[in-house]
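As structure tokens, one chain now follows by itself in the form predicted on its own.
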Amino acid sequence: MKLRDYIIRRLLLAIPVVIGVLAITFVLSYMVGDPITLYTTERTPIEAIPGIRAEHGLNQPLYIQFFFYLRDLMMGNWGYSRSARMDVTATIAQRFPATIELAMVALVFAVIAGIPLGILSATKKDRVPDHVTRVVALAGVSMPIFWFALILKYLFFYQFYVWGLPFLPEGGRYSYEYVSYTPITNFMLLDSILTLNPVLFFDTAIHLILPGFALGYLTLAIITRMMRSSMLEVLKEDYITLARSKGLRDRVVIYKHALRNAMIPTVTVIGLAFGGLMTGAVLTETIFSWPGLGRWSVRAILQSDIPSINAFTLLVAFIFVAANLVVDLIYGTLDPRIRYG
């Protein structure tokens, strides 16, 4: 089967998953209260409500209302966000880049640090580097994100400030007091490059350090543990023994022969971790006052903002589906024995 046909088939298989998520969010939104809140604002006049009910099929049976709900979603009418005081689609366009930027920084940090640490731990099994790496990974898996984020904030902002040391920002996406920013794509690092603004780039990067590290540390720990376990299994294989018997250096054996096969289960973890970063961003963004989807979802829950909660749930589901597809495609690159069939 060609790669194109495989992608099409996987996308078709993802449709029932997405429809299932849509059905669940639809039913839950009805259990919370009157669905008219999906399509009205605080300023909607009472006399306009009957017309809105008729327009969106709210006077029809429940299964008919679901088709109206799907129609509205496909047309970009995701409702009005009371927590953000604007349309849900406009809120997503404004806040989604901030969350993706934070998640990508966390993921890059986790991958760049986690894979080498896992390899080091496996190749130095039961020695000091292995013990240290396992403690680091165990700490990352054990610590709640919100607690770790608060500790980082306390140490690198409050304590450094008290002792007169260079401190990192306690929150926010940039220092709006002295850095000007005109959105182009809402990806601030990208916009700073497009506008040739090194001050904005540096300031944005500084603001990303603490939340990016807090969000990525758990993923780093998981990647490290998986990479270590997978590498230990691969190093026991006969072809590794044969490569070493030929007199090849350990570096060649590990990075040329063992790494590719050891990466296969690790890639699965990385792909799923990206979706996990979206949900982990809820706590991280709240603690660091990061203006992304996670912080918006918390405000939406506190205010019973059903359209916003539905939108966040759907976005996370879409990201998990896309991540699974990308992971399956990477499998074929890492292992030529895998065929799309």
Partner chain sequence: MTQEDTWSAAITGDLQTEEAPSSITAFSGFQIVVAIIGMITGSMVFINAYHLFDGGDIPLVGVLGSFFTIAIPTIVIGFLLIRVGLDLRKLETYAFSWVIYGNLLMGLMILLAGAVFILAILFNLLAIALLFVPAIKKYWWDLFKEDMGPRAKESRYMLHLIRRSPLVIAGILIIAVYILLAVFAPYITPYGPTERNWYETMRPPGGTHIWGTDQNGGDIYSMVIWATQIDLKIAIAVVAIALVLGSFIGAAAGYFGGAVDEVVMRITDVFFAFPGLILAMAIVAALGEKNLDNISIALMVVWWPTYARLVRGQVLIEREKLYVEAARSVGASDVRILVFHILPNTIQPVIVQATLDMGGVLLTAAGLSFIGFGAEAGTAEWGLMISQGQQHFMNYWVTFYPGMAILLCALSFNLVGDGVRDILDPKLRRR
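Residue numbers count along the first chain shown, from 1. Values in this document were obtained by computation on a predicted structure and should not be read as measured data. Each form is matched to the other, and the largest set of C-alpha atoms that superpose within 1.5 Å is called the rigid core.
A second form of this protein, the form predicted in complex with the partner chain, is not displayed here; the remarks below concern that form.
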item	value
Partner-proximal stretch of 131-139, 198-206, 248-256, 78-86 relative to the partner chain in the model of the complex, 4.5 angstroms, heavy atom	131-139
Proximity of T40 to the partner chain in the model of the complex, heavy atoms at 4.5 Å	no
Contact test in the model of the complex: R71 vs the partner chain, heavy atoms, 4.5 Å	no
Any non-hydrogen atom of K236 within 4.5 angstroms of the partner chain in the model of the complex	yes
The partner chain contact in the model of the complex: V17, any heavy atom under 4.5 Å	yes
Option touching the partner chain, based on a heavy atom within 4.5 Å in the model of the complex, out of P166, P183, P144, P116	P144
Partner contacts in the model of the complex for 295-312 (non-hydrogen atom within 4.5 angstroms of the partner chain)	S297, V298, I301, L302, I309, F312
Is_shifted L12 between the shown form and the other one (CA, 2 Å cut-off, rigid core)	yes
